[in-house]
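The form predicted alone is given below as one chain in structure tokens.
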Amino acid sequence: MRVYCIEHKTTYRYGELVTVCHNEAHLQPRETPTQRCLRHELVINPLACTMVRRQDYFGNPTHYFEVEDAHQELEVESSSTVEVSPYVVRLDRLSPPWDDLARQIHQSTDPGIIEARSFSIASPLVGLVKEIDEYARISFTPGRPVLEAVSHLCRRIFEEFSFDPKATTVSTPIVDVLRQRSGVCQDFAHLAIGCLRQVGLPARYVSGYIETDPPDGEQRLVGADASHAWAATFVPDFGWIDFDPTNNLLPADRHIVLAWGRDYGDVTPLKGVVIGGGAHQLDVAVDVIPRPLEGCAYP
């Protein structure tokens, strides 16, 4: 088990006065079978006149807030303490062929499988297109064990694509990512999700963090200076299995989950609308630091 203290600061600087803004934040780590959020605080400057916490459609903790004081700078600081237990997947024990699994998922009347099936169709940022299907079929050959195929896909994305923050934007289509062979963790998660959905398997987008400074002797993971993203697929009788194509691994206890949904648009860490403002500059700083259990203050 590990405990992490997470600091996530977002700053918007506007060229003109903003008279009012309405915002939605997915910045509180969610509860999972292997994760507990021990403490969370959200500080808004200027002070929010309205703050409402709720769960969204996918069960993610979500904060809605409004700022009505005129401002040219908005700071949103999220501070969390999270306990993460090891997550171990035995590939040799999860070996149903992916094509049998896809048929089972689409024919089952089990409520849990029906819910997972909703993640097998196209979403706003992950369409179903021929080029993605062709890329997926290299890994998903007939009769191949599902997690062997997923691991093969994860490794191919890791080896064949370059991590380049300047190569894409949040709206770059995944087919463009496939053609240029570069992007960031969001793009690689979307590509993996698209491949899984092309072959009929459910896949969801996971937003979160990874440890900023690894333990001695362990490699620093790509994406540690900002929020991170990876993917997950569903296996009946076991549940959702996460995988990180940016780093070619199955998350264990160095990944912290914020939220999950169909794609990035469902779980954007911070989004909103403003009146005024003109051009703006965005700065994001993330720090994920391991702490001994007794070293972090929480209720």
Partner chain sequence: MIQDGTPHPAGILSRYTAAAGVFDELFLPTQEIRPHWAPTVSAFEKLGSEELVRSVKESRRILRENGVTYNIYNEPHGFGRTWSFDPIPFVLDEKEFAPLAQQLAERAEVWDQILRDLYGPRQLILTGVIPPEIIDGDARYLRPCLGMLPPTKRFLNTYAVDVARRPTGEFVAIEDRTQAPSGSGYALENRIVQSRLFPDMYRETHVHRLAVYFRSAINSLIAAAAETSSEPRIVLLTPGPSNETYFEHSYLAHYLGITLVEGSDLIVHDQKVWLRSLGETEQVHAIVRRVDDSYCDPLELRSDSLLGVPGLLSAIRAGNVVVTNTPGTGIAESPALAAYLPIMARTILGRDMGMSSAQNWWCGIPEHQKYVLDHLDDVVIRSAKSQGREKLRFPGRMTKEERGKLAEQIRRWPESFAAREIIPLSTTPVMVADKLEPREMVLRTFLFSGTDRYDVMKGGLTRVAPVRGQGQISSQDGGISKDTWILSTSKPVFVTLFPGTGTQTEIRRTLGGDMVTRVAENLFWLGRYAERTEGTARLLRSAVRRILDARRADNVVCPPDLLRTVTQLTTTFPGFLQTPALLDHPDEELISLVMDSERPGSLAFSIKGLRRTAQSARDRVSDDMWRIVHTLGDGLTTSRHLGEVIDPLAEVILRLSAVAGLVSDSMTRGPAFWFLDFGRRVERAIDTTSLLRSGLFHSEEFLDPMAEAVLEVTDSVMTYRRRYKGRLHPGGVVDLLLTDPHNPRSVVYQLLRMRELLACFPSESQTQSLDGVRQLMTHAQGTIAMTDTDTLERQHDDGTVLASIGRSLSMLESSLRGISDSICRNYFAPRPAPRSLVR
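Model, not experiment: these values are computed from the prediction. Numbering follows the first chain given and starts at 1.
This protein has a second form, the form predicted in complex with the partner chain, left out of what is shown; the following refers to that one.
115 is the sole member of 134, 115, 100, 164 with a non-hydrogen atom lying within 4.5 angstroms of the partner chain in the model of the complex. Using a 4.5 Å cutoff between non-hydrogen atoms, residue 106 counts as a contact of the partner chain in the model of the complex. Though the partner is left out of this view, residue 255 does not reach within 4.5 Å of the partner chain in the model of the complex, counting heavy atoms only. A residue is said to contact a partner when one of its heavy atoms sits within 4.5 Å of a partner heavy atom; residue 64 meets this definition for the partner chain in the model of the complex. Mapping the unseen interface onto this chain, residue 277 counts among the residues with a heavy atom inside 4.5 Å of the partner chain in the model of the complex.
Only one segment in the set 28-36, 246-254, 230-238, 43-51 has residues whose heavy atoms sit within 4.5 Å of the partner chain in the model of the complex; it is 43-51.
For the candidate spot formed by 87, 181 and 190, no residue has a non-hydrogen atom within 4.5 angstroms of the partner chain in the model of the complex.
Using a 4.5 Å cut-off on any heavy atom, the residues of 11-34 that reach the partner chain in the model of the complex are, in sequence order, 12, 14, 20, 22, 23, 24.
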